[in-house]
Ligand code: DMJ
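Have a look below at one chain only, the form predicted alone, in C-alpha cells format.
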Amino acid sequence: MGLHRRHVLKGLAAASALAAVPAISEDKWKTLAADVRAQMKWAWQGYGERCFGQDQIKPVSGGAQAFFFPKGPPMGLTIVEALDTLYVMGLDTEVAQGVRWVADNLRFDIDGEVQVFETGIRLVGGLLSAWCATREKKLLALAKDLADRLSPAFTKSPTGMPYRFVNLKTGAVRDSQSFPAEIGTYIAEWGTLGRAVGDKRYFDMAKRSVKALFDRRSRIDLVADTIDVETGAWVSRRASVGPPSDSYFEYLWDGWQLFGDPDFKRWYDVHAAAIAKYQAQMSDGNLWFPQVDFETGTVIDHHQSELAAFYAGLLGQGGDMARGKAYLASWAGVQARYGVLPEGYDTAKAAPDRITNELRPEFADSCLNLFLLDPDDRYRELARVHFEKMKETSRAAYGFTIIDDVTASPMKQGDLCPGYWWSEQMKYYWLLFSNTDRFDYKTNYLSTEGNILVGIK
C-alpha cells in the first residue's frame, strides 16, 4: 500500500491547483494584509459591542455562546484566543483592552469540569502566547494556575495518559476512554510553561503521556483512535491522520522542534513512515490518507476530514515536501470545486460527506507552514482564495460565521464564530500576506491552536 515518490511527484505535477501563479507585487500582498487586519478589527469591534468577555459570539444574531460552562462563568475564550493575533497585527489598543479584561476577570477557582485537551490548547496556550507577546506577568501566572488545576488528569491516571475531564476546583477526574489527540497534545504548552517558570515537571508530565501512547502502537507502528487510559487497552481499530488523532502527530514533531528531544523525533519518524506505507493512496491523481485498521493496514473508509488538511504542512516540516505539496494540492482541488471547503469529503465518491464549514483553519495552516519552508507565492494565492471566499460567504452582521451547507446556492449561514477563528486563520492570513516585523519568519513556532510560542518580536 506504500506510495512511491515518483507517483507523488506525478500527482503533484498534474495538480493545477498548485500551478505557478502570476507574479504579484509585495504592495498587493500588503494591501491584502491590510484587508485582513481591517476585517479582524471590525470583527473584534462587533464582539466588543455585543458580548465582550463571553466565550464566543453568534455573528448573525449578535448573541453569545458559552464554550466551557453552559451555566457557569464565561472564560473570555475569544479574548484569550485573539490576543497574540491582535499583537502581531499591531492592534495594540485591542491587545490592551483584552489583557485588561483577562487580568481583572479571568479566574479558574471554579467548581466545574472542563475538557483537558481543549482547555490546554486554547486557554493555557493562549495565555502563554499572550505572555510571550506582552510579558504581562499575570498572564503567565494564570497559565500556571490553570495547568496545575488540569494536572490531576495526568497524575491520577495509572498509565500517565490523562483522563478527558477534570474539575478545576476539586481535581476530580472523569472519562477514561480517550483519543490520541487528547493524550498527546500537551508538550508545546506544558514544556513552554516549564521553561518559563523553571519547573521541568510540566515537560515530563506531557512526555510521559506521549510515551505511554507510542509504546502501545501496533506491530505496523500505527495507533488506533480510541484507548482506555486506565488499562492501556485499545477500544477501536481505526487509524487516522484526522480527528481524533491529528494533533498527536503534530506534537511529536513539535517536541523535537521546540525542545530538541530526540525521542520525539524518533516517535514522529516511526509513525510518519507507517502512515506513508499503509495510508497514503493516490485517487484520480490526488493524494489522500484513508482510515485503515491499525494492525493490518486494511482500508476502513475513505472519509477525509477538513481537519486532516493540517497534515500537508506537517509533512513538509518533517522533510517530506513532495507528499506535503501533493496533499495540499488535493485539498486545493476541493476548494476550487466548492469555493469553501466542506467539513468532510469522501474521496472514493469525490463528494462531500459533511456539508458544513466550521470556519476551519487547517488548510490555511498548511499554506503557511509550507510557505515558511518554501516561500512561493502559490501558497499565498491558495490562502488568498481561502480568505476571499470566507469574506464572501461567512461575513454576517457582527462578525464571521460558520456555514451550514456549502453545497447550497447561496450558501446557508449558521450562527457561530468559533474561538479558534481568532487564533488561527486570521493569523495565518496575516503572516502570509504582511511580512510583518512583529514575527520572526526564520525561527518560530505556532501551536496546533495557532498560538505563537516562539518568534514573536
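Here the structure is a predicted model, which means the values were calculated and not measured. In case it trips you up, residue 1 is the first one in the sequence shown, and so on.
There is another form of the same protein, the form predicted together with 1-deoxymannojirimycin (DMJ); it is not shown, and what comes next is about it.
- Checking R323, R360, H271, R149 against 1-deoxymannojirimycin (DMJ) in the model of the complex, a heavy atom within 4.5 Å turns up for just one residue: R360.
- Among S247, S330, S209, T119, the residue placing a heavy atom within 4.5 Å of 1-deoxymannojirimycin (DMJ) in the model of the complex is S247.
- For D55, no non-hydrogen atom is located within 4.5 Å of 1-deoxymannojirimycin (DMJ) in the model of the complex, even though that partner is not displayed.
- Contact between I227 and 1-deoxymannojirimycin (DMJ) in the model of the complex is not found at the 4.5 Å heavy atom cutoff.
- Although the partner is absent here, L213 is not a contact residue: none of its heavy atoms lies within 4.5 angstroms of 1-deoxymannojirimycin (DMJ) in the model of the complex.
- The shortest heavy atom separation between L307 and 1-deoxymannojirimycin (DMJ) in the model of the complex is within 4.5 Å.
- Only one listed stretch (417-425, 58-66, 44-52, 388-396) carries heavy atoms within 4.5 Å of 1-deoxymannojirimycin (DMJ) in the model of the complex, and that stretch is 417-425.
- Residues of 432-457 placing a heavy atom within 4.5 Å of 1-deoxymannojirimycin (DMJ) in the model of the complex, in sequence order: T448, E449.
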